[in-house]
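A single chain, nothing else alongside it, follows as structure tokens in the form predicted alone.
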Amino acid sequence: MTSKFEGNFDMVAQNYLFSSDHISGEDLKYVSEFFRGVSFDFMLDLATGAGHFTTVFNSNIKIAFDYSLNMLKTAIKKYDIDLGVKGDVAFLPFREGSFDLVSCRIAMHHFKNIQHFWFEVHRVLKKNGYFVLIDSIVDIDDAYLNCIEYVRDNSHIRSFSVKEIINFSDGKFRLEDFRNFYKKHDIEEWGRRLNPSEYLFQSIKEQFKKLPENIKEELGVEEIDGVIRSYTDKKGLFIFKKIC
């Protein structure tokens, strides 16, 4: 049986493959430079989507993991991935200490059981292995942006603050590096990526119009002639190392 969550992404895998929000970005460039000259034996990319994040790492074996079968098929067809595995990130079917690198980009805000996710990442990583996490982060725009994200995509659970994400590491990881990136989103592309009805798409734009002025400023909402054109959110890049 296909879950609602899986079905959402199975139907739009091609949209994510060509998504300007995923196919490129300063975050990808930064990670590529950070790990320049570093070679891994086994890497695991969690919630791989269309597989973009696998391209920035040099690894002998690359395993892509996702809840959506069509996302996995899309990623494997497009990129140099050795194996695709379908499943839930809270229950990884791998032995303890299997990987020297685990990565996850722009996906954690979909996960229902964050504690189990972090437990599993820690379990499958070797000691001194890297966990590279990129996701949307919030601060004063917390409730507003999380609400809009849910209207657009009901598989969205919550974006977290930097402090919350660091606290998830629970002393079992060392934060090796952190960067904050700003990502500008074209409303037409971003809002229509999941193929919403026209009514839902217009509702998403109305949510932006109703925001308090200070939150509009925080999110860099661009409105021209009464039409919402874009907004800018924050992405946090966390490079953790397993220390115990």
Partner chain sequence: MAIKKELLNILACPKCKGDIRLSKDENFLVCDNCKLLYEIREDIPIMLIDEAKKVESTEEF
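Owing to the predicted nature of the structure, the values given are computational and were not obtained by experimental measurement. Positions refer to the first chain, counted from 1.
Unshown form predicted in complex with its partner chain; subsequent notes refer to it.
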Which of 142-150, 85-93, 156-164, 104-112 sits within 4.5 Å of its partner chain in the predicted complex, heavy atom basis | 85-93
Classify Leu125 as contacting or not contacting its partner chain in the predicted complex by the rule of any non-hydrogen atom within 4.5 angstroms, answering yes or no.
-> no
Evaluate Tyr67 for contact with its partner chain in the predicted complex, applying a 4.5 angstroms cut-off between non-hydrogen atoms, and reply yes or no.
-> yes
Look up in the predicted complex whether Phe42 has a non-hydrogen atom within 4.5 angstroms of its partner chain, and give yes or no.
-> yes
Would Ser98 show up as a contact with its partner chain in the predicted complex if we use heavy atoms at 4.5 Å?
-> yes
Could you work out which of Leu175, Ile61, Val38, Leu200 is the residue within 4.5 angstroms of its partner chain in the predicted complex, going by heavy atoms?
-> Ile61
What residues in 66-82 sit within 4.5 Å of its partner chain in the predicted complex, counting heavy atoms only?
-> Tyr67, Leu69, Leu72, Lys73, Ile76, Ile81, Asp82
